[in-house]
Ligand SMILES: Cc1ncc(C[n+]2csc(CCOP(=O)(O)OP(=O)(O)O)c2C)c(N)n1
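Just the one chain here, the form predicted alone, laid out as C-alpha cells.
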Amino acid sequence: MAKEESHASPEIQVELYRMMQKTRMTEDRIIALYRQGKIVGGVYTGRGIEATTVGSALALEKEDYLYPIHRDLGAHLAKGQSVLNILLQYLGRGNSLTKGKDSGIHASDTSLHIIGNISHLGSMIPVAVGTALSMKMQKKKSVALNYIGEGGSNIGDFHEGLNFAAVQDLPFILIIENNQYAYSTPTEKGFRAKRLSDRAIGYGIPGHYIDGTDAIAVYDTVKKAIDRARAGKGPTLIETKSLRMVGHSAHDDASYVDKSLIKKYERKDPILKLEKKLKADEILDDDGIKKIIDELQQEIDDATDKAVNSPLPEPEWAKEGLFAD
C-alpha cells in the first residue's frame, strides 16, 4: 500500500520546527526566571512533548477553540499567543492576561479562542465539549480541541464528556498526552490497556495511536480529525506516546523515572528528529536553522525585558472581576 501523502507542506514543516524551538526556548527562559526567584508558584514544562502540542494546535484555524492544559505552552504559541503575554502571566504583572490574579498556566485569551485550564484538568473536557455543542447549535464550522494526560483520562469527566460528544456527533477532538508518568506514577500502575486510544471503540468514534515525538504525524492525524469534525462527522480520540523529559514540575528532579527510558527518548527528541528530516529533505540547512534560533532568541530576550520591567498589579484590583463583593 502506498504511503499516504502528508498535509504538512515544506512551509508547514518549517513552522512546526520554529514553533517547537520557540516553545522549548521560552520554557528554558521561564525556568531561569523561576530559579532566580522572579516566578513563584508552579512551573510545569513540556520538554519532550512539543511535537504533540505544536503539531496539534498548528492544525487549527483561527475560528477553532483551543483548550490546553498545564504542559501545553506549545499549543498556546501555535494558536498565536505571544511570548510576552506568556511571560507577563508567569511574572504576575498587572498588564498580564489575568492582571496578576492567576498563575502562569491558567491563562485564557478569548481573542485567540484559547480557554485556559484549571488545575482539575479533566474538568475541562465537559467544558470543551460544551463549546463544541454550542458551535453545532449555532451551525458554525468551528471545532474544539482539548488535551488530557494519561493519568487524567481515568476520571469520570473523561467518560462523561467524550460519551456526550460521541452521542451528539460534536466537533470535538481529545488528545491524550501519554507521557508515561502521571506525576511519579508510571503508566503500568494506572491502567491495564496497552493503548488508551482503544477506548474509542466503546464510544463508537475513531481512535488513533501515534508517535508523540513525530510532529508531522501529529499534524496530519489532527488535521484529518479536524476536517472530519468540521464536516459534521463527530469527535475523534487521539493518543500520542512520548516521554516527559523533566520532572512533574521545576522543583522535581524526576529521580523516579527509569534512566534508560530517558536515554531512549533523548534519541527521539522531537525537535532534533524534525531538524534531521528538514536537513535530509534540503528544506532547511544549518544557516536557516541558525537564523530561526537567533530570531527566536531576540524575541524572547525582548519579551523578557518588557515583562520584567512591567508594573505589578494595583492592590485595589483584587476586588474587581469577582462574582460577589
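Numbers follow the displayed sequence, beginning with 1. Predicted model, so just to flag it, every value in this text is computed and none were measured.
Keep in mind that the form predicted in complex with the named molecule is missing from the display, and what follows is about it.
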Legend entry - Candidate stretches 137 to 145, 115 to 123, 90 to 98, 250 to 258 - the one whose heavy atoms come within 4.5 Å of the named molecule in the predicted bound form: 115 to 123
Legend entry - Non-hydrogen atom contact Asn179 with the named molecule in the predicted bound form at 4.5 angstroms: yes
Inset, instruction - Check whether Gly234 has any heavy atom within 4.5 Å of a heavy atom of the named molecule in the predicted bound form, and answer yes or no. - result: no
Inset, instruction - Indicate whether the named molecule has at least one heavy atom within 4.5 Å of a heavy atom of Glu150 in the predicted bound form. - result: yes
Legend entry - Close approach of His70 to the named molecule in the predicted bound form, 4.5 Å, heavy atom: yes
